[in-house]
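One chain is shown next in structure tokens, namely the form predicted on its own.
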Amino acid sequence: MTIGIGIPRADGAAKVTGRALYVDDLRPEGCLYGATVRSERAHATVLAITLDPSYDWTGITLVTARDIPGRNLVALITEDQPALADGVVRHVTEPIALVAAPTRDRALEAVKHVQVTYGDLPYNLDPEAAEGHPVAIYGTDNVFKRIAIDKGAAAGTVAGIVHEGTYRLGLQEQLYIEPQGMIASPREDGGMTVIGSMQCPYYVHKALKALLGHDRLNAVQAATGGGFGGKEDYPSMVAAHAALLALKTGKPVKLIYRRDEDLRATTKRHPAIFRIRSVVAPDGRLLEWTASTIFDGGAYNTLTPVVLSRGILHLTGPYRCENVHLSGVAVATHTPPNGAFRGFGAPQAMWAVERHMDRIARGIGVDPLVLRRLNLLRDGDTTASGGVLTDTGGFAVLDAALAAAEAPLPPITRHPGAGTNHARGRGLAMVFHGCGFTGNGEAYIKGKVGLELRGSRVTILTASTDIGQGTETIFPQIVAAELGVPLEWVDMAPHDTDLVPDSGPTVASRTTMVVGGVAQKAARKLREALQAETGLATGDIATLLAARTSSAPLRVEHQYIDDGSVQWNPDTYQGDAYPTYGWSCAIVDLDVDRDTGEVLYRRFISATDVGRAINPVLAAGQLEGGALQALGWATSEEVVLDARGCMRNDRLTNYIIPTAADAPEMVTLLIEIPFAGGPFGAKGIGEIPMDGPAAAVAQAIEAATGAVLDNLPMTPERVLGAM
């Protein structure tokens, strides 16, 4: 049995020895190098694109919107974003033109000599002023999406103690180790192959089909150095640009972003503003919860509707309340579009909910822990959308984390020159996270997984990619366990749209729970096919293989089947928003330097309901990596925009992420409350570690210093100001 064993990563040796090939390691024969001409204006008409006559243009190719053979758009959920600006730009860094040259340096230099003449237009960077703003970006009112959910008595009709608060958070950069990159190569059949750093090969395939006007193309994932949502939809843009250059030159073209360009131009976590009004009983029981939010989508829609959706559906946190009123709007501004980022909407909502719970506790003089325990959701409770909860894990993770927190704290490690005027604090946050797509999303996508048997070897065919989370290891564990064969008998096929079926995107904590479940059922189907072929009704795989007379490959495919257990109305937002929820408790111990406002993390404890840990080592790695990312979001990661909406701190020297030196001791507890719909009981866990740590940090800072912080990030300057 391979389930529950922390076997080493299947791709680990290749990555640590340098054998793994990332897109920039690939060198197709005759390859040219691409670069992007970007807007310097937040909003303007493009009056002319000309070439500097003093520059040597020998060997350089220029592509503009006029060279697009199909539709000028990046096809995704919505179709409002052009691949190249055509007549107007709506945000700084918007792509206007492309160049290809024999070397990367020559391409980057050529970009500087493409002259764009603008006619400046008025613009708006403020999401609170976006709805109904005189300058229309999207539709007539600049609103991408509206959502409202009501449960129980009418708003304002419940009596009790009222608390009101406003909570804000800014952009956050995914900061994957490997920047965006793609290679496009013309095919002999007149089509195109793109290979690159991506989460979702079929997203890229869909985008190129619309752009090129045909389907003679395939998208292939290279080894990918992280994604966190930043390589969900944006690689379609990079692939489009590389493909257009390859089409015009007739040669392979490599387009790799520099770090500063990647930071300025790509999608970020959506900024958001939350306003919450609660009515509570004297003991702290929630009687009414009214919350509204504004999400800033940037200049184009991209994935904004689903981000708002998840944010609204998590806007009560893991707490029970009979009277709930939630509303939200996602708006357009003249800033670079925002997109998916680990948790996409839930971390923003959880920040606001947990800070408001602390506001209530402060207001009525109740311990924040006592308040949370009193209000935690239980089996049989209903969510804001009316879904009935089962297998709730709030109390289990809370008790496990509190027990671990009784251990003595490790000694603090100070960097040279650090002060000693410290105050110590502890904070706790409780979260839940909907696993998989919202509502009937899986029934709509109908993801597929194939298995192919050759001799005694089984190859898994899936478009679900490994972006560091361990898919290449987890899927073989699931299939090997279901078939009862040694792990070394199972391989993974390349993630090439010409070879593998569409399993749906690698997003939303669905890979192991949903696609892994489809793989498990495909393994059952393979066994049944062997039984039918050999005429043996029973027997292990070895017996069935020995009885097989054909040497031809045996292939089976299984598609996700909606079993009707999730009932959801996407128009009214009523029903089961998710098939199941993960639950997590985060406890952080920290010191605050009273002289500088710096936060020094000492220990971070998380207890998380994972359903069933297919690979405990990889599960713990996901939770710890996500927690450190969340701790960086809490206190150091701040995107600073200039007056045009362009990111100013576009270097790793001034966009500060935590390093190993900043990481506290981590105690990671895996709580197993199996989900019947997941393979061997597994739930999705990739996003839940982002949800709670920032709020736990805020509570700890408040405990240490009395400073109340309701805006993210809590930089040293903001901590000092609050003190």
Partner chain sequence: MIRFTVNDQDVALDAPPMSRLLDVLREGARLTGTKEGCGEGECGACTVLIDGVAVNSCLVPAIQADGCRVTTVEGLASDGRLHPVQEAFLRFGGAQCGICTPGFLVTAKALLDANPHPTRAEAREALAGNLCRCTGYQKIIDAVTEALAGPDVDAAATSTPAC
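Owing to the predicted nature of the structure, the values given are computational and were not obtained by experimental measurement. Numbering follows the first chain given and starts at 1.
One more form of this protein exists, namely the form predicted together with its partner chain; it is left out here, but the text below deals with it.
Proximity of Ser54 to its partner chain in the predicted bound form falls outside the 4.5 Å heavy atom cutoff. Contact annotation for Gly468: at least one heavy atom lies within 4.5 Å of its partner chain in the predicted bound form. At least one heavy atom of Gln622 is located within 4.5 Å of its partner chain in the predicted bound form. At a distance threshold of 4.5 angstroms between non-hydrogen atoms, Leu499 is out of contact with its partner chain in the predicted bound form. With its partner chain omitted here, the record of contacts in the predicted bound form names 623 to 631 of 623 to 631, 517 to 525, 481 to 489, 381 to 389, defined by a heavy atom within 4.5 Å.
For the candidate spot formed by Ala75, Pro82 and Gly645, no residue has a non-hydrogen atom within 4.5 angstroms of its partner chain in the predicted bound form. In terms of contact with its partner chain in the predicted bound form, the residue from Glu94, Asp233, Glu637, Glu288 that brings a heavy atom within 4.5 Å is Glu637. Of the residues Asp589, Glu442, Asp296, Glu173, just one reaches its partner chain in the predicted bound form with a heavy atom at 4.5 Å or closer; this is Glu173.
Contacts between stretch 211 to 231 and its partner chain, counted in the predicted bound form as any heavy atom lying within 4.5 Å, involve Thr224, Gly225, Gly226, Phe228, listed in sequence order.
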